[in-house]
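Just one chain follows, in the form predicted alone, and it is written as structure tokens.
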């Protein structure tokens, strides 16, 4: 398991460290709330977390990822069905959420019909939805079909916007992606990012979202971004940076200084943890009835304290 936590964490919970307890919660499929204040992570089970933050929430948004519409093999022969279940869960949890993000692999084979199906289902959330591409979305013609439908104002896949005092940065780290290779941002995008951040107050919360993780989960499996360090250096002066990714189809978290990294579950199929299988790919031996406990959505909330963004994961079995 490649979970990375603050090494100074020494609190105990029922005979286990917070790190050990959280690891159990993540892999059991329980929802987890992360509140990051001053770079220090605090975690609680989803039930207590929701009660603690709902009255203090000033802004929230939702994340879905890796819908893979068009995939129809074990363990999931109905990816439209599980995406519909995810959107139903979004509607149940969104309350006054301001927007939704999709962190890539909307489709499985970059086909127009797959994009059509995903678009129709996701519109059911009735939320302004912002997209970044996954490598499965840009298989042909440099992803022009994806960008035309899901990011028409950002034909290269990177852009930014502000909402409710939070600065959102969408990055594309899958162009020219090779199977088993690392993600890559490239010089043009890094130059754009530097200009985008110029003059911004260091106290403004930043949310970065991209498909491939911006920290190296597993180099052997290509689960990381080769030039992410250059982007993170540009973000270092900000007091609250939340980095949201997909691609690995499971929850993994890391806090490093001012940055809280969080990868989301897929709405389509789970993948194995690094080191537990010969290679990444759909887990085919999911026990009957257990699939939806391994899929899910993420909700992120800004609360009325110094610098926190709280993250709650919920499975489709919830």
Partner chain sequence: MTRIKYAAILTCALLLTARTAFAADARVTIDNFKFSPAQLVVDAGTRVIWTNQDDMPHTVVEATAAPTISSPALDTGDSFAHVFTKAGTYQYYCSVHPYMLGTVVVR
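Please read all numbers here as calculations on a predicted model, not as lab measurements. Positions refer to the first chain, counted from 1.
Same protein, other form: the form predicted together with the partner chain, not shown, and the subject of what follows.
From the list 200-208, 91-99, 70-78, 226-234, the contact stretch for the partner chain in the predicted bound form under a 4.5 Å heavy atom rule is 70-78. Taking 257, 287, 281, 275 one by one, only a single residue has any non-hydrogen atom within 4.5 Å of the partner chain in the predicted bound form, and it is 281. Checking 155, 165, 181, 124 against the partner chain in the predicted bound form, a heavy atom within 4.5 Å turns up for just one residue: 181. Put simply, residue 221 is close to the partner chain in the predicted bound form: some heavy atom of it is within 4.5 Å. Taking the partner from the other structure, the partner chain in the predicted bound form has a heavy atom within 4.5 Å of a heavy atom of residue 139. Taking non-hydrogen atoms only, residue 148 never approaches the partner chain to within 4.5 angstroms in the predicted bound form. Although the partner is absent here, residue 61 lies well away from the partner chain in the predicted bound form, with no heavy atom inside 4.5 Å. Taking the partner chain as it sits in the predicted bound form, the stretch 98-113 comes within 4.5 angstroms of it through a non-hydrogen atom at 108, 109. Put simply, residue 178 and residue 227 come closer in the predicted bound form: their C-alpha atoms are 3 Å or more nearer than in the form shown.
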